[in-house]
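Shown next as structure tokens: one chain only, the form predicted on its own.
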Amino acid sequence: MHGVLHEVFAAIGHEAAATGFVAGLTVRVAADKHLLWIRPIFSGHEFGELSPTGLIELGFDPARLFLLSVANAGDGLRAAHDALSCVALGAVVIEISGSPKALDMMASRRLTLAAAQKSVTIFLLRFSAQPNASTAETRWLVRGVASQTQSEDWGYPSFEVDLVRNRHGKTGHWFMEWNCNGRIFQSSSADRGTVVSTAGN
């Protein structure tokens, strides 16, 4: 999983869930290193801001997060490519909405090669997009599902995930939850109860 490119697609209306899923992956991959999160300047208005308190709840120290806002996907891809030369980073996340022309096979290949050279993992977090040709190691589709609560406990963040591409193994469909204390994904039941509604704005 280290030093490769992964794609995570959010199902429509499940952008927050996909963001949480990627945050959990970066906790696992980055370990004690820093994380660079690149997002368009409009992303906070469209999909919500990253919350330091929320990252703490997920088990990630927000002091290790570098947040970069960019004007467009092309700027984000260039910034990510440059950042992958920094061995102090454990992971890089790029949020990309839609299917911009800048994100083509050549851009994907450049990211893959740069990630491999420095063993820095990169995640493409895709919103309102359909999969296209890429050099990604894995491709995930993520939806949020209801947590399994006990008494007054909120329960763990829970996800329904499809691994639709895996260059070196099997694909599959799972229900999983993020154990915030153990900082690990674990299996959960397929209870599809009520989830938080999509933000109106």
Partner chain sequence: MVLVAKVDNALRLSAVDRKATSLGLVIGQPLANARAMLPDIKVVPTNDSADAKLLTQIADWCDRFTPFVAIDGPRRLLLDVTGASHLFGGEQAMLDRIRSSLQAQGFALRGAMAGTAATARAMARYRDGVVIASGDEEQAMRPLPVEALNLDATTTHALRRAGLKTVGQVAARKRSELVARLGASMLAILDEALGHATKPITPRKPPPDYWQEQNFAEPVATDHVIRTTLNSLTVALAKILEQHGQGARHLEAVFFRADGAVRRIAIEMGAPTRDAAMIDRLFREKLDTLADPLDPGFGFDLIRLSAVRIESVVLEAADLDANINAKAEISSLVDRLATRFGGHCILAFQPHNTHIPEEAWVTVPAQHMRPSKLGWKETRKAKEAPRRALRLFSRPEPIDFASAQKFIWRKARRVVAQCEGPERIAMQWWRHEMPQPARDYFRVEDNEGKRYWLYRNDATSQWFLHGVFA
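Positions refer to the first chain, counted from 1. Being a predicted model, the structure only gives us computed values, none of them experimental.
Separately, the form predicted together with the partner chain exists; it is not shown, and the next lines address it.
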Handout entry: Proximity of A63 to the partner chain in the predicted bound form, heavy atoms at 4.5 Å
Key = yes
Problem - Non-hydrogen atom contact D104 with the partner chain in the predicted bound form at 4.5 angstroms - result: no
Practice task
Could you confirm whether T26 comes within 4.5 Å of the partner chain in the predicted bound form, counting heavy atoms only?
Solution key: no
Exercise for the section: Using a 4.5 Å heavy atom cut-off, state whether A30 contacts the partner chain in the predicted bound form. Expected result: no
Exercise for the section: Answer with one of M176, L55, A136, L141: the residue that has a non-hydrogen atom within 4.5 Å of the partner chain in the predicted bound form. Expected result: L55
Exercise for the section: Select from 124-139 the residues with a non-hydrogen atom within 4.5 Å of the partner chain in the predicted bound form and write them out in sequence order. Expected result: F127
